[in-house]
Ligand code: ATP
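Form predicted alone, single chain, as structure tokens, below.
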């Protein structure tokens, strides 16, 4: 019997995408034998209300540059449409409608698993996908406690050993603002794009609707 397609879904602000994101996606893709890992830059992050986020077009392009050369990786602009908050459950519902034969594997870090019960409709998310969780430096989370709060997650959680790269997009933006190098934190083409567009030079990047 042929196994159903397994497709990784990796959503995020990606402001900017960095080697921590890429290492997580690569490790999960290999460990769970995913056919593809599709990156979905989010349009309006619901978990960052009022926070300045770079233009969607710029974040999409940085993500595209960051994943170039990896045959397993792909990118979609599906989550960039509209100005309403981008909820994961809505994205998964749309992906299911487009690829109903695929098993969806939603990729997050351990810090996101810790917050998962507070997401919009976490049980609805868990019913539509498996959750693949990668380790994060300094983050300890008890999966049993999370599953107790989100019953639909039982038997749908995969803990994956991933490289523990202590890199954050916040730190990268701060370093750029301070005139410091971000080489080896992001792929070179992403750094070139940041410099050419003069991103993160000011405290407040453009709004997410400046496309």
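Positions refer to the first chain, counted from 1. Bear in mind that the values here come from a model prediction, so they are computed numbers and not experimental data.
FYI, the form predicted in complex with this ligand isn't displayed, but the following is about it.
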**Complete:** Per contact check vs this ligand in the model of the complex (non-hydrogen atom within 4.5 angstroms), the hit among 142-150, 162-170, 181-189, 65-73 is 162-170
**Request:** Answer with yes or no whether residue 111 is in contact with this ligand in the model of the complex, where contact means some heavy atom within 4.5 Å.
**Result:** yes
**Prompt:** Do residue 135 and this ligand share at least one heavy atom pair within 4.5 Å in the model of the complex?
**Reply:** yes
**Prompt:** With the cut-off set at 4.5 Å between non-hydrogen atoms, does residue 24 touch this ligand in the model of the complex?
**Reply:** yes
**Interface residues of 13-32 toward this ligand, as seen in the model of the complex [heavy atoms, 4.5 Å]** = 13, 14, 18, 20, 21, 24
